[in-house]
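One chain follows as structure tokens, the form predicted alone.
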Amino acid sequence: MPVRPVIRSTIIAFATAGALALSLAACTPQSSTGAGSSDSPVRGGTLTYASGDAEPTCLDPHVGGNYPQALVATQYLEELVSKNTKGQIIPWLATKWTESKDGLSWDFTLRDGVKFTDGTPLDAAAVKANVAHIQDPATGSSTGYLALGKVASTEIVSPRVIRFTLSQPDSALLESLTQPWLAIESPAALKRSKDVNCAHPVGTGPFIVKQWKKQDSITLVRNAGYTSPPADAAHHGPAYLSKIVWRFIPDSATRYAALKAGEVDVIDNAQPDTIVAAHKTKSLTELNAPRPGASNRIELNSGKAPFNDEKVREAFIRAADVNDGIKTLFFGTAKRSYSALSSVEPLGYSEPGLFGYEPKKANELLDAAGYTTRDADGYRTKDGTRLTVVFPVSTNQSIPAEQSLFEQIQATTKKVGFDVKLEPMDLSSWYAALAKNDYDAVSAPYTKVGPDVLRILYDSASITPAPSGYFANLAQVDIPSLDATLEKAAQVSDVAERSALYETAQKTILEGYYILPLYDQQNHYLLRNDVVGLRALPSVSTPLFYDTWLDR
């Protein structure tokens, strides 16, 4: 089933201009300077942001834990720690932290005098309540729940010191705590019903959720009493902006038209063709911030036929002409990945030789796997069963260019006999399909800071669903030796040993042909030149509007 062929033809029409215009993604800054006609920040004003991501079903990122939640929650919730552009962990709501010699406990000292916007003080009891909320199955957490998997208990050492006790050492704990899905919320607000808290979560952040008009927008207003920016913020005190209107505009062309017309100030999920166009427009600029954690990749479900056979997995990968699709559809805005990890992860390991386009080899592998005959439509069969690959596609998470890339993969793998059935669906239907194991291949973005994302995605324990019902190991990799390697890597702090273990783990995943890497998870923001000081947090590359002001 083709996905948005009309959009694909629109994208291809920009190919010539794009090839000439772009080698630019690699040199785009991770913060905006704007037109710069004024040296002094302007206080006040309303910024309008237009998102192409799915509208969250809950504004509390503890519930579920997807990227659309992180995008907006970054404005009103804050984490214990953050990261700077060098990858170092820096203070945020916690001013310092110490690890015990055995690695089984961490003490965090909290900032003094910080209050949630409902007046509740930030203290150790508040952090304890948040950990309990994330770990409570009734919350339905996925991302936060998995990240806190080794936290056995918390203890209030003093009003400003909270102790995390672990079941095993966790070298990724600090990285995990930089993420919006583990942000700290008012313990008083958490006592409300889930529905109420989903609509109006309460944090310590620079903005406050004022109103949520579903299927339209979220209105955020400035927190006049704000005192707790991260250590690398450009200023102190309240945010410059008075208000943010967070709109949901799913159609990419409509979103870009609104930006050009000045109806909105910033858009996300910018398409390759619009990035090309924006770089020719004096009034617009780009903020490129690839997400950390996993690369964008196609997971092959090894838990059932046909991909429970390694030869079939390898055949599919060798029959997929990914490079040509990226070249023609992305115009230099995306670089091919050969790794399970994002290019921003220092411990990423690439193996390009595994992922060349080799249809002859693919045919040989399928013959060896027993798919030796073809039906009237040209698809291979075995024992009368067609070689079918059910591929649900989340239209909320895969941009049109990516959906067109899937079409090209569908076409090239058909040449060797695969019947790839692309099934576009909204986010809730997509999650439901995965929960029912109704997929053979899937592209599932997953953002987690650091290489520990490999444990979340490929440890056999992650085949078991989290309380939200989502399970992260969609390739259904079940290899005891890999589990052991990932467990050990998560416990050691020695840099060289940790690097060697994660390289071993990545080799196992890549050489077993469980995934087809595509490119980094894309975060391309386009903004008007009078938007100054916007940056993407180095943790998970979500925009933070605390230092942002409007030069108008």
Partner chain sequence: MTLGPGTEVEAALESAASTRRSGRGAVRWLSTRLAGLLFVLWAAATLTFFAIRLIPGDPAQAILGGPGSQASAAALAQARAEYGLDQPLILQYLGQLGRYVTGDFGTSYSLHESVVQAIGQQLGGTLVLAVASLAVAWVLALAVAVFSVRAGRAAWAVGNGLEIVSAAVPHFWLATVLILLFSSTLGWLPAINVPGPVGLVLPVVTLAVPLAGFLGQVMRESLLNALHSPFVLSARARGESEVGVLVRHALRHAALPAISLSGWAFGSLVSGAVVVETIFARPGIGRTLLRAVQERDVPLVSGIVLVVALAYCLVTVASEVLDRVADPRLAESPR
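Numbering follows the first chain given and starts at 1. Source: prediction; values computed, not measured.
The following text describes the form predicted in complex with the partner chain, which does not appear among the structures shown.
**Student:** Ala233, Ala125, Val157, Ala432: which sits within 4.5 Å of the partner chain in the predicted complex by any heavy atom?
**Tutor:** If I apply the 4.5 Å criterion carefully, the residue I get is Ala432.
**Student:** Given that the partner chain is left out here, which of Ala278, Ile399, Ala369, Ala258 has a heavy atom within 4.5 Å of it in the predicted complex?
**Tutor:** In short, Ala258.
**Student:** If we define contact as a non-hydrogen atom of the residue within 4.5 angstroms of the partner, is Gly353 a contact of the partner chain in the predicted complex?
**Tutor:** Outside the cut-off, so no.
**Student:** Does Asp483 make contact with the partner chain in the predicted complex, using a 4.5 Å heavy atom cut-off?
**Tutor:** No, Asp483 stays farther than 4.5 Å from the partner chain in the predicted complex.
**Student:** In the predicted complex, is there a heavy atom of the partner chain that lies within 4.5 Å of any heavy atom of Ala376, even though the partner is absent here?
**Tutor:** No.
**Student:** Would you check, heavy atoms only and a 4.5 Å threshold, whether Gly64 touches the partner chain in the predicted complex?
**Tutor:** So Gly64 counts as contacting the partner chain.
**Student:** Honest question, do Val266, Lys335 and Asp547 all end up within 4.5 Å of the partner chain in the predicted complex by heavy atom distance?
**Tutor:** Zero of three within 4.5 Å in the predicted complex.
**Student:** Heavy atoms within 4.5 Å of the partner chain in the predicted complex: which of the stretches 337-345, 130-138, 355-363, 95-103 has them?
**Tutor:** One stretch meets the cut-off, namely 130-138.
**Student:** Can you name the residues of 417-447 that have a non-hydrogen atom within 4.5 angstroms of the partner chain in the predicted complex?
**Tutor:** Asp426, Leu427, Ser428, Ser429, Tyr431, Ala432, Tyr446 sit within 4.5 Å of the partner.
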